[in-house]
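Okay, so here's just one chain, in structure tokens, the form predicted alone.
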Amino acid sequence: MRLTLTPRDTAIIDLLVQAANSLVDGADRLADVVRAAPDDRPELALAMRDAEHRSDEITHATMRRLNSTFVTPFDREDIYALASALDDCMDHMEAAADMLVLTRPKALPEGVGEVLAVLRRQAEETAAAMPRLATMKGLKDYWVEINRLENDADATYRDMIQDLFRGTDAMELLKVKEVIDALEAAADAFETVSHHVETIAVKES
């Protein structure tokens, strides 16, 4: 375990907690867009964009704090990587909402709802895990669960792709694939966050 002789700035952890909490809101805003009628999606996508902007502001605040803090709660490069990965989760969720508005697919596969549920769960698990960075306790269950959830999303994604290529016309296939690719990227991004948390926990153990 690394010995710390100087008090460490816990404000950075507080910002990481805020970033993770914003992902729960982002997952909810994305679900609103997906479940809405096509004509209602543009307005709801604006709420998703607002959530992404708030997430960006937290990321920028984290970076400013990181650049102005001499003693950090754990390795500086790991904080940077984790903050960036949290931001990526929101970016991919916003991309999925944008694709829905831009391409206006006629219908979405049932699996989309399953992936939305995975993203919401991943966001909840991530929000619950971030405060534990202060003590490094109880984090293993987090990254194991995120990995399991990502595997579920991956399996659902493959099923949706298989179904798309069985009978969807080419234009509609491209529209739907843009959406589900973004959803899969979001699930992958949450797993990347968990990998960074695992790296930090191993270094600090």
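Position 1 is the first residue in the sequence shown; the rest follow in order. A quick note: this is a predicted structure, and the numbers were derived from the prediction, not measured.
The discussion below concerns the form predicted in complex with a further copy of the same chain, not included here.
a further copy of the same chain in the predicted bound form comes within 4.5 Å of no heavy atom belonging to R41.
a further copy of the same chain in the predicted bound form is approached by I161, whose closest heavy atom lies within 4.5 angstroms of it. Remark: T103 counts among the residues lining a further copy of the same chain in the predicted bound form, judged by a heavy atom distance of 4.5 Å or less. Although the partner is absent here, A36 lies well away from a further copy of the same chain in the predicted bound form, with no heavy atom inside 4.5 Å. Contact with a further copy of the same chain in the predicted bound form, judged by any heavy atom within 4.5 Å, is made by just one of M99, A129, L116, A85: M99. The contact with a further copy of the same chain in the predicted bound form, taken as any heavy atom within 4.5 Å, belongs to D154 out of D50, D32, E145, D154. Residues of 183-205 that come within 4.5 Å of a further copy of the same chain in the predicted bound form, judged by any heavy atom, are T199, V202, K203 in sequence order.
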